[in-house]
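Given as structure tokens, the chain that follows is alone and in the form predicted alone.
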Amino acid sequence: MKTLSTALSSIVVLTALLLAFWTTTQPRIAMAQGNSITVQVDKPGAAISPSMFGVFFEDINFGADGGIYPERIKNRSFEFTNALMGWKKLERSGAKGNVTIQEQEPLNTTTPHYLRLQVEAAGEGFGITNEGFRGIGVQQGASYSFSVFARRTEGTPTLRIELVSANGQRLGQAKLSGFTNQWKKQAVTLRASATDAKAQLNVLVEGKGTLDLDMVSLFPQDTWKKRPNGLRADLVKLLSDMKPGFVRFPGGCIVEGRNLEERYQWKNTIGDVADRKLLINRWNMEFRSRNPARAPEDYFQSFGLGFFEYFQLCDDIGAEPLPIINCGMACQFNTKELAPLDQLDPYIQDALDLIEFANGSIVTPWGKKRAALGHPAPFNLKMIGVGNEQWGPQYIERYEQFAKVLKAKYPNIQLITSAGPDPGDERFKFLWEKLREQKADIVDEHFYKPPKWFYDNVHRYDNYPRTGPKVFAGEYASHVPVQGRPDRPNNWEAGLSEAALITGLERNADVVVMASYAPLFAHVDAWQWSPNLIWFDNLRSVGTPSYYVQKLFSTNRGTTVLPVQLEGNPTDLFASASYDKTASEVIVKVVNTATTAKPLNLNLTGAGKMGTRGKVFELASTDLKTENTLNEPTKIAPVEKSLSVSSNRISYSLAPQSLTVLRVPCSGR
């Protein structure tokens, strides 16, 4: 009997082990009764806008220069306030000379400064070195185009271009010669012999004489779609993978500027990059009084990424362009400067000209400019934002003038308007009242709040009026303060709360027509604001948990809202559902905030013919503090599984602290 008992015990243990192994390697099918979600497949609701989930771009955290715009040379045209910022004189053994900034007979009058290298003794090399944007990132075996506008003023000097590592090792070299007494662009390819995120570039004069240099550039040849003056491929790939419905550009507070002189003016951002006028970035000094470490003095806008490159990016990734135009108001957190109401015409004309640049035929003045830049076909612009995050009666007065003119000439262009910086204060209420009176198209709401606010506001839009202006949730992010950290981390606690809120956005797609997280990009060595959707250094990039939340919603959007009901109104489950007409699938998104797994009973009432196999995408972590890093980029990332389907009733086990997307094949009714 003792032997039999021992054998039975062993069988029980072995069975338990096999069962545990099976449940960890298979999709979790919940057989027990549990939380019930009913989706009414035969009662489709509102259409979901194809541009429902998009991205917000602002040049903050070195998001453009030093980021998605991959120019490796900082201050390439010597137009920073300190014209030699980013550059240092380099005198090797026996070398002697002078480095000066000149303005006489410049390359162009828009960027009048240039560098003069005057060599008295060549020695082993006299010249300058550039530090890049927190270093110069180069990949082993990759090719980089070096170019410069140069003019000889004395002697017959030549140039030696060196790519060197952080410890001084030479990684690549090339030479240029044949300079004349006229400005001329010269170019050569450098191939990196090793990988270094903190390299530098040396520009050395060989031979006695004097050379003038301007627009010194080191540009990767491996850009998105291999375009000259193209964009950083890995960062665009992360955007493209999200399949965003729109790209909002150029912001954000830089639309406004600290004052009107420093506002974003789109006409200064197109054409030859050498002619684009540099501008100090608003974020250069925004935090100087509170946190000098977050106010980089070397933060400027070269506009190498300008409005043409922006429209081209939207084309490339299949997103609608959403440009934001200044409405005659500087940032109200800064100077509050206003253009007088009787002097708004230039601002309104900028908006009219931008629409023509995007959509006009090639016989129109601005359509002709677009065609000359290489895109004769229109960009099919459908919407434009009037102002960024403005508030008060001053904004309404200016919006009225913009709307009157824009709607008269372009009645089909939708106008995005501001609801201010807070999602419920007196400014917000005033704006909504006035914008309803104005019969505005779409109102832009912003909310940067703690996770609790996101959970509390899942039903925020359930009771919004179903008529009148629609909603653009244009800037949102869950902010998790952590004592002792200078940043607000992009952890799973933030991402999970955002996922819960987004189920409420999707359920109310008849009211909320667009949504985007903000900000988008941040350089790990040069950020001003956190959290952000995507972090990067000079070579690598990483999507945060929030990035994967946005991606799961965007790539599993569906075309029509389906009514969804959670039995018993649980406080730890949030859900939305849609039908995808193209794929003939019901898509159910469920957020489980509980620390334990939840058995789920999903009932697809009124479903047509069911398929036999669906898909599950699961984003989960038992630790809410989990973060993705450059060294561990997918610590939390979606996991795809197959789902067996035998009827319109499906049982599944939701992982603890998870966002789960179930795609179930079935015909609609």
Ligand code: AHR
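Small disclaimer: the values here were computed from a predicted structure and weren't measured. Residue numbers here begin at 1 and follow the sequence given.
One more form of this protein exists, namely the form predicted together with the named molecule; it is left out here, but the text below deals with it.
This chain is displayed alone, yet in the model of the complex one of Glu475, Glu262, Asp196, Asp212 has a heavy atom within 4.5 Å of the named molecule; that residue is Glu475.
Residue-level contacts in the model of the complex: of His523, Arg398, Arg557, His446, one residue has a heavy atom within 4.5 Å of the named molecule, and it is His446. Although the partner is absent here, Glu356 lies well away from the named molecule in the model of the complex, with no heavy atom inside 4.5 Å. Under a 4.5 angstroms non-hydrogen atom cutoff, the named molecule in the model of the complex has Cys253 among its neighbouring residues. For the chain shown alone, Glu389 is a contact residue for the named molecule in the model of the complex, at least one non-hydrogen atom being within 4.5 angstroms. Interface residue remark: Gly97 is not counted as part of the site for the named molecule in the model of the complex, having no heavy atom within 4.5 Å. None of 634-642, 54-62, 39-47, 596-604 except one has non-hydrogen atoms within 4.5 angstroms of the named molecule in the model of the complex; the exception is 54-62.
Heavy atoms closer than or equal to 4.5 Å to the named molecule in the model of the complex belong, across 518-545, to the residues Ala518, Pro519, Trp529, ordered by sequence position.
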